[in-house]
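Here we start with a single chain on its own, the form predicted alone, put down as structure tokens.
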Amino acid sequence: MQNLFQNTEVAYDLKKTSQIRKSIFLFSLITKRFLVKILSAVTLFFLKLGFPIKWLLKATIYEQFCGGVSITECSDIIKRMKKKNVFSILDYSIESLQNEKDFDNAFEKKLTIIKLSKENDMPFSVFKPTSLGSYKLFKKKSSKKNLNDKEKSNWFNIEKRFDRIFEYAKKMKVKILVDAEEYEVQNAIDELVLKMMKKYNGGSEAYIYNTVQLYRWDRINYLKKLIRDRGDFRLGFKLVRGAYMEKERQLAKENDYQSPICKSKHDTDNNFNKALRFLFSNIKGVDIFVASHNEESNYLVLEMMDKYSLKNDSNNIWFCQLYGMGDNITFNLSQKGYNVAKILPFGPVKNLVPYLVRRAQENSSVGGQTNRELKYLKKELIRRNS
């Protein structure tokens, strides 16, 4: 199985040669970290001033990493991937909302997406916790500070939105992935999601998955505590390496606390694989959603599944990569009958700029991943031209 992810013909069967050339161009740009930093700042500045650059973004980086402006625009991609046994997970990314009306609107949007997911045979949905409540309130709640009366009322609204989303999702038989966010707000997210797991994760499958960022050195202890203290319900975990590395280190420096981020990529990889081994050793009460573009970690999951006699299509194990990345992993796994999905961000170009900037910065700071994408894309282009 160690050569499973090398098959580029399977990996890029859905891509036209022109799309492969465009992807090579984009990933080549992304390898230049200094250029990414400048272009990210310029893009945000131009959008703030109202410059008409959305068409350029949509034709380049947006097309690479996003499904479309609307669900209708995403439908062709969803159908084509489904024919390859790859499910889509619609992610309507909204960031920096400020008031209760906006949070209520975002909540209604989540319910609509859950309904659409059910109708289109998509087993998962996803949401960002701070799209349902104030980032500042999540931060204050995480710090254990006392809330004033207005904040208590707003926090009650957040809990109500969470509860109604999970209640509806379970009714529709759609599983929910709760995104992880910055360290300073994550404690409140963890506590609230655990409360909801206790309520809705009964039975043989988890309906709620909390995201665990393994570039945080403290997350293994978090997993161990939950396993040790678990009651009569299942735990669902989406495992990722993390998406806010540079920001987290800067926040720690500015606020004079120990950085929560592992010191090196090597330490992060070890942390991720250690978490996998630990969860598989407790697999009877745990569902695992492996969201990774790292080949070694995905091979380790296959090894663990074999060790613990789990079938390829076990409902308790899922693999996932972001749309526009890791196709050599996604489509080769799906061909072997494993449960595989792609996170498919969609929505107005302007709304998705923060997400796109993170993707570009993340890829430029993890050179190995970008170089791997380029290697496989170039290999496929050579294969087609030979």
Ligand SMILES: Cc1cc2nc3c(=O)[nH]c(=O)nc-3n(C[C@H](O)[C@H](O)[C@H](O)COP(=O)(O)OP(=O)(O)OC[C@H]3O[C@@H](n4cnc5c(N)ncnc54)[C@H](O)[C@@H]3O)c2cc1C
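Note that the coordinates shown come from a computational prediction; the quantities given were computed from them, not determined experimentally. Residue numbers here begin at 1 and follow the sequence given.
Although not depicted, the form predicted in complex with the ligand is the subject of the following passage.
Residues of just one listed stretch (330-338, 22-30, 62-70, 315-323) have heavy atoms within 4.5 Å of the ligand in the predicted complex: 315-323. Within this chain, K173 is remote from the site of the ligand in the predicted complex, having no heavy atom within 4.5 Å. In the predicted complex, the ligand lies within 4.5 Å of some heavy atom of A180. Residue contact check for Y244: one or more of its heavy atoms lie within 4.5 Å of the ligand in the predicted complex. The ligand is not shown here, but in the predicted complex it comes within 4.5 Å of a heavy atom of N294. When you look in the predicted complex, the only residue of S88, T268, S131, S125 with a non-hydrogen atom within 4.5 Å of the ligand is T268.
Interface residue among S264, S75, S143, N105, judged by heavy atoms within 4.5 Å of the ligand in the predicted complex: S264. Taking the ligand as it sits in the predicted complex, the stretch 190-227 comes within 4.5 angstroms of it through a non-hydrogen atom at T211, Q213, Y215.
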